[in-house]
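We begin with a single chain expressed as structure tokens, specifically the form predicted alone.
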């Protein structure tokens, strides 16, 4: 692995050295710090507790290239991926590159654009926030993202804006992404008193092998509310990594609904450290793994101040030789009295070859709190299968119906009908297969 770290380190140095000179602000100093961080950290390994069950040998063996060539694609194939519902605005990225012609915003109080454009224009308002939540990277992949970032979404919603329709952030990959490392970094700012809905999606037009390495920083100001619907349906040959960093101000509310169904290997991490009182964070998640798939969710919710609430509910469906990892950590610090926290993880295992490693954790240092956590790993109830068969269903139909019922607790939380129907159909096909 040391040789791979050195090789990728040279790629990082070369990338930074080839950045445009002159006009613009290409975050050179911040990138240098990230490069230094990567050199010090290297890639994560199994001796680290948070990576114990998430091997990266397959990812590193691909030797993905850092290549920012503009993609070629048929426009109608991307248009077909749009949400069916009307939206307040839409940002489209194809093979990691922002597509201004396919992006638009029709709502007052909403500003959308790309991080690349912000660097070209030396937009200090945007650039000074970049990395302010994530730092220069808590692991090597995150440090590489910052050191070599090329593009990403910038979404700014003004104070006291109430959006009736969602904003769509769509990532589409084509066969042109083959062998590439895509490094997007998103910045979302929701100002005080605002109510908004963000739909973030990752879809693939071809069964291509690539690495989507994304970092997203979300700033939710005082009294603001954000619903974040996030669906990962990457190519079955792809690798996907997302680090989400949240900042919730006083009385802010964030509700994240996540689904990780695609990719050969995926890891999603969510970090939230409450810094102001009376904030609320809700996280719902669904993951599914079949033959050759590994799906990984890591949660880090830190109650650092009093009077904050968090709730996490994640469900997994494992079949074939699929593997899943769930690591949920809630910390309640000594000064964080009157905190409420609830964490639950349930897993449905449909095959003897499937594997799930689940680790819900509570670290409570305060004494006036209401906290709970739990996990379940089980199979379909034979009596329930028998009951449905006695009503005329075949065994396969009965099992499929029960699996969909198990997953529907999370699917039904998606506000988008397009997403609900899509997820239901994908799960139906997977189980039937």
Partner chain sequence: MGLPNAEMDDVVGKEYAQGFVTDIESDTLPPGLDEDVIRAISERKCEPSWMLERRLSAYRHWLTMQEPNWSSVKHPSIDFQAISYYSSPKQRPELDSLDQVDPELLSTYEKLGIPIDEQKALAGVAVDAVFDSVSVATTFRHTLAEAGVIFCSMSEAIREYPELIKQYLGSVVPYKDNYFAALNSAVFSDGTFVFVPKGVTCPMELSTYFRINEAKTGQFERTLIVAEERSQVSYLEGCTAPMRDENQLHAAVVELVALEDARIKYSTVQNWYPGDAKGRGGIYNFVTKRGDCRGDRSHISWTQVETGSAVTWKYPSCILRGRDSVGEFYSVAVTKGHQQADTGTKMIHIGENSRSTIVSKGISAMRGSNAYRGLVRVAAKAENARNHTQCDSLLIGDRCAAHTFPYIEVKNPTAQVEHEATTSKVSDDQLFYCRQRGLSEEDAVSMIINGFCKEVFNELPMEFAVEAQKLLAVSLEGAVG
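Numbering follows the first chain given and starts at 1. The structure displayed is predicted, hence computed values, not measured ones.
There is also a form predicted in complex with the partner chain; it is not shown, and the following applies to it.
Note on contacts: among 110, 264, 192, 349, the single residue with a heavy atom within 4.5 Å of the partner chain in the predicted bound form is 349. This chain is drawn without the partner chain; in the predicted bound form, the residue among 278, 99, 174, 337 with a heavy atom within 4.5 Å of it is 337.
The closest non-hydrogen atom of residue 357 lies within 4.5 Å of the partner chain in the predicted bound form. Proximity of residue 363 to the partner chain in the predicted bound form falls within the 4.5 Å heavy atom cutoff. Under a 4.5 angstroms non-hydrogen atom cutoff, the partner chain in the predicted bound form lacks residue 32 among its neighbouring residues.
Although the partner is absent here, residue 390 is not a contact residue: none of its heavy atoms lies within 4.5 angstroms of the partner chain in the predicted bound form. You can rule out all but one of 58-66, 372-380, 38-46, 400-408: in the predicted bound form, only 372-380 has residues with a heavy atom within 4.5 Å of the partner chain.
Along 49-63, these residues reach a heavy atom to within 4.5 Å of the partner chain in the predicted bound form: 49, 52, 53.
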